[in-house]
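The chain below stands alone and is given as structure tokens, in the form predicted on its own.
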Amino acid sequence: MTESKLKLKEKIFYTTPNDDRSRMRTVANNLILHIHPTKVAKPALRFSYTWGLGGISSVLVLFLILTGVLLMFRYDASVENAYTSIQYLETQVAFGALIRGIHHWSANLLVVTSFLHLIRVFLTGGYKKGRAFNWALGLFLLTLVLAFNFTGYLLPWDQLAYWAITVGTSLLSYVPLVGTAVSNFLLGGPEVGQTTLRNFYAIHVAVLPAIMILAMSFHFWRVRKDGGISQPETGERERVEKVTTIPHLVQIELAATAVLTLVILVWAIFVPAPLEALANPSHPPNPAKAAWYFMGLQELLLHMHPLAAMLLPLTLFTGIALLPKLDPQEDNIGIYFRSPKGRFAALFGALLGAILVPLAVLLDEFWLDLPGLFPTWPTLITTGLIPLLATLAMFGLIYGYFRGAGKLNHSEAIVGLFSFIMTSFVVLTLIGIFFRGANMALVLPF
């Protein structure tokens, strides 16, 4: 055997610990570079540009997977044992209450960070220059997050979960064309029961995780394929400074992950996941509310015909999905609010939403009575068509104001309108959560 072959054999079979660490480091680096490009634009590393919302959402998904797997070892998806298995988990299993708390609060925080990530991508024009498909995929991921929370909400089988899902599935039945079929499939019967719990559990732990992992993987790949996150365009002679992903981006991600882990851990320790009394189908609470992230829709149903209350958010969702077509101007990509005028439009739109929506709620609650004014008209017109058209007309007036009196271009006016719509939705959600009491009457929260 030649000397060179002997050296090769020794290199293969007699590695040192340093060689093992080097090999592990290489594998880790390759994994990182499968997710990230080798180099990233230095301006994209600014925390004030991305706020780390995409990365935070990804880490929260990882928390949910890890804690969810641990919870599965002690959870029993049966009406007879679901509640007691949660009690046993929290009182008898070491760190069981902490694991459930991390899972619960990570799920709720994921709804917030995903929503804020969507807004950040919009405000920086991250759907422009060939990124339309990934924008639509991001909306799909946000829908998946809501589906995850919705299906997981029922699993503790307490009063809060039972009646929130009862209200939530009733909301689904108002969705045109497919709502009733989806609601019947989820319920598996006339009301929330054993089949519902089994359906929700199967969807929550098997169906949705597989779809989420595939969609997230494709989302990351598209970000990389599209050249990274959106950045402002540069002149022909200008060059954007790029730095290596390792260590510049990775060290920021590790620091953000450490802070997020600490925050979630401390919060879960001092604020346990809620668990009310055992579900009782014969004693509904007053008020019976949907999960907090659906409270905006429930609030709409108090003011509009169910068909109109569902058509409005579906129309808005479709418009948001089509934003790459509705706002094709590409020279302002990567610039927050498109311009200083766009920043003014966003602030003014948010202010309008914060003022007009509470006024409209008070007006409809205490003064305006369209069915009483037109008693012979069908409610589909008085509480459906008229409010729906009035709301859409309001959107048109706001856009027209920005274009006319505000002298903004089309892209800047869309920023103002988007800000108004998002703020209005948040305000409706807050009203539903904090300002609705017994019989869903308006009350002060203090």
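Residues carry their position along the shown sequence, with the first being 1. None of the values given here were measured: they were computed from a predicted structure.
There is also a form predicted in complex with protoporphyrin IX containing FE; it is not shown, and the following applies to it.
Colleague: Test of understanding: in the predicted bound form, would W135 fall inside 4.5 Å of protoporphyrin IX containing FE by heavy atoms?
Modeller: Looking in the predicted bound form, residue contacts with protoporphyrin IX containing FE include W135, since a heavy atom lies within 4.5 Å.
Colleague: Since only the chain is shown here, I'm wondering whether G126 would be in contact with protoporphyrin IX containing FE in the predicted bound form (any heavy atom pair within 4.5 Å).
Modeller: Because a heavy atom of G126 falls inside 4.5 Å of protoporphyrin IX containing FE in the predicted bound form, the answer is yes.
Colleague: When the contact criterion is heavy atoms within 4.5 Å, does G54 count as touching protoporphyrin IX containing FE in the predicted bound form?
Modeller: The answer is yes: G54 has a heavy atom within 4.5 Å of protoporphyrin IX containing FE.
Colleague: Can you tell me whether V145 touches protoporphyrin IX containing FE? I mean in the predicted bound form, with a 4.5 angstroms heavy atom cut-off.
Modeller: Yes - in the predicted bound form, heavy atoms of V145 and protoporphyrin IX containing FE come within 4.5 Å of each other.
Colleague: Which pick from N409, T382, T391, S58 sits with a heavy atom within 4.5 Å of protoporphyrin IX containing FE in the predicted bound form?
Modeller: Checking each option against protoporphyrin IX containing FE in the predicted bound form, the one that comes within 4.5 Å is S58.
Colleague: Check each of R131, H103, H204, H305 and return the one that places a heavy atom within 4.5 angstroms of protoporphyrin IX containing FE in the predicted bound form.
Modeller: Answer to the contact question: R131.
Colleague: Honest question, do H117, M212 and V223 all end up within 4.5 Å of protoporphyrin IX containing FE in the predicted bound form by heavy atom distance?
Modeller: Checking in the predicted bound form: H117, M212 and V223 are all within 4.5 Å of protoporphyrin IX containing FE.
Colleague: Which among 66-74, 46-54, 412-420, 394-402 is in contact with protoporphyrin IX containing FE in the predicted bound form, heavy atoms within 4.5 angstroms?
Modeller: Result for this chain: 46-54.
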